[in-house]
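Only one chain is included here, represented as structure tokens and corresponding to the form predicted on its own.
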Amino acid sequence: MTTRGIDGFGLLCEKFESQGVATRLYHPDQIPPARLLEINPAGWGKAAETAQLQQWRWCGVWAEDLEAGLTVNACLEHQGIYLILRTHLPDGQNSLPSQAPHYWAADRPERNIQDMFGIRFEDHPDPKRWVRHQAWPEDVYPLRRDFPVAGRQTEPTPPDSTYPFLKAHGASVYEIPVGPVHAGIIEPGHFRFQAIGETVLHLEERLGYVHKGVEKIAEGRDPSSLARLAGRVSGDTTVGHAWAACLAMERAAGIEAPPRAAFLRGILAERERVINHLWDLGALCNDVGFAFGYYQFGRLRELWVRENQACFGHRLLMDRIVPGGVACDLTPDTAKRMRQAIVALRKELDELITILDGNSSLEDRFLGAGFLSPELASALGAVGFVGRASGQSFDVRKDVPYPPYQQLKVRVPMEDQGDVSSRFWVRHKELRACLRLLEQMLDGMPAGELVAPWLIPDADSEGFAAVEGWRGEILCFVRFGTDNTIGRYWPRDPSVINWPALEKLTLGNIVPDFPVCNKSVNASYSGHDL
């Protein structure tokens, strides 16, 4: 393997070559837009250490059980370049050096692979199980090829009462268990607090209660069926995940959605961003008892989801993105209606934000709460509005643009105070930026087809995609099997990266501020619990 260059990728390859950890640099067209490097299994941890020193961001890890044996892939990003590190485990070997000592974000995903594939990560700082929840024996691995889709469990799953949470010590320290069942309609997740008085000393999350077997039930589906499944990974991000899955499949098949379809996908994605940011702004107000803001933002969101129904046939825009393009179109009348709605929303926001900005009680609850420093956000790899509220500027639409964003002026708002207030105002600024993007796309909408003809990919064709969902960067990997069916589907919701940030930013806050800290992150349980 030989490569030279002055960019970050070239420097990293030179380091790998000198250390003997990389054995092969694949052709750039192997899995666009990512680059692919094969790593010696023994050098898996060293590769992460080197990449971390070169300031590459760790994005995700997934494994595959192929006929030739187990394969593990890790995704990194630096200066808009995605790099996939790949290693193959020899027959009989089921262990690999951990990357978690060098990247905090690798902690839980590696533990998930341990539970699902039986690959043990050596020197992992916290090797206890993560997703199993007693639903299958320790020596059974659901993502291995020999595991049936229906599973083998015949008896009810026993309670997961022995999970080894960190124990509280000291006469003044007490423990607060919260969940997994909550007082509202949100999905289940467990939070274990240690506190003195009202001050949180430690928070540990336990997730995985809504594990759905998404990766397993994706196997054997055709592209249209996978697109529908992807749209249900996290229901509030149906556009983002469906777009990522379709883009990955299209790249594996060697096709590209028509220009009009790309613009329509962009409109769908920005409308999804609008309705979720409106909902979050209202929910943040609600969590500090400011009912006026909650009602007003909720009202504005409802107007937009009704318009989604009228213009695209679904309130949440589910199943509008399909392989090769879209299953909807805009007429001149609906485009005019959308422009009028943008003007109306902008006017209402002007009035509403003036009221909120002048409310001292709201400011008192938001300012300084849930602080996440830029340094810690960078170390955690925080993405989306969580990262951008702490000085992290990365946005796939701008840094690794895909159609139609190469043709648009993408503005990425940022804050650097890192508290609940910053995460509130970043959402508001992103909302304004969405409206400008929608206007650009409505003004520049090209004519043409809505769906490109599908080409059946060869067996083992791979596709990778990164899409900027409303929570942040969504990643997707697809490998085709035979006869146009899916062999492997791996989606990574931004919540996988941002959930650990909640643990860190809660420390030092008072227990009553946890709800607003949690809502300011608003990570998805479903997007995490595949």
Partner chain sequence: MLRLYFKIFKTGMLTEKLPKAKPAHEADQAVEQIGHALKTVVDRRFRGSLAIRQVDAGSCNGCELEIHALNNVYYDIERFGVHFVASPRHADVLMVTGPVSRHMEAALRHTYEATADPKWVVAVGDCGVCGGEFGVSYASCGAVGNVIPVDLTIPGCPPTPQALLQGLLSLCGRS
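Positions refer to the first chain, counted from 1. Because the structure is a prediction, the values reported are computed rather than measured.
From this point on, the text means the form predicted in complex with the partner chain, which you will not see here.
Participant: Among Gly448, Pro158, Gly254, Pro90, which has at least one heavy atom within 4.5 Å of the partner chain in the model of the complex?
Facilitator: Answer to the contact question: Pro158.
Participant: Tell me, out of Lys216, His124, Arg432, Arg86, which residue has a non-hydrogen atom within 4.5 angstroms of the partner chain in the model of the complex.
Facilitator: Of the listed residues, the single hit is Lys216.
Participant: Evaluate Pro374 for contact with the partner chain in the model of the complex, applying a 4.5 angstroms cut-off between non-hydrogen atoms, and reply yes or no.
Facilitator: Close contact is absent here: in the model of the complex, Pro374 is far from the partner chain, nothing within 4.5 Å, heavy atoms only.
Participant: Quick check on Gly220: any heavy atom within 4.5 Å of the partner chain in the model of the complex?
Facilitator: No, no contact at 4.5 Å.
Participant: Using heavy atoms and a 4.5 Å limit, would one call Phe290 a contact residue for the partner chain in the model of the complex?
Facilitator: Although the partner chain is absent here, Phe290 would touch it in the model of the complex, with heavy atoms inside 4.5 Å.
Participant: Report yes if any heavy atom of Val210 sits within 4.5 Å of a heavy atom of the partner chain in the model of the complex; otherwise report no.
Facilitator: Val210: contacts the partner chain in the model of the complex.
Participant: Are Ser234, Ile355 and Asn359 jointly within 4.5 Å of the partner chain in the model of the complex, each by at least one heavy atom?
Facilitator: The answer is yes; Ser234, Ile355 and Asn359 each reach the partner chain.
Participant: The chain here is shown without the partner chain. Which stretch in 185-193, 374-382, 99-107, 330-338 comes within 4.5 angstroms of it in the model of the complex, by heavy atom distance?
Facilitator: Of the options, only 185-193 has residues within 4.5 Å of the partner.
Participant: May I ask you to list the residues of 299-327 that have any heavy atom within 4.5 angstroms of the partner chain in the model of the complex, in sequence order?
Facilitator: Those in contact are Arg299, Arg301, Glu302, Leu303, Arg306, His314, Arg315, Leu316, Met318.
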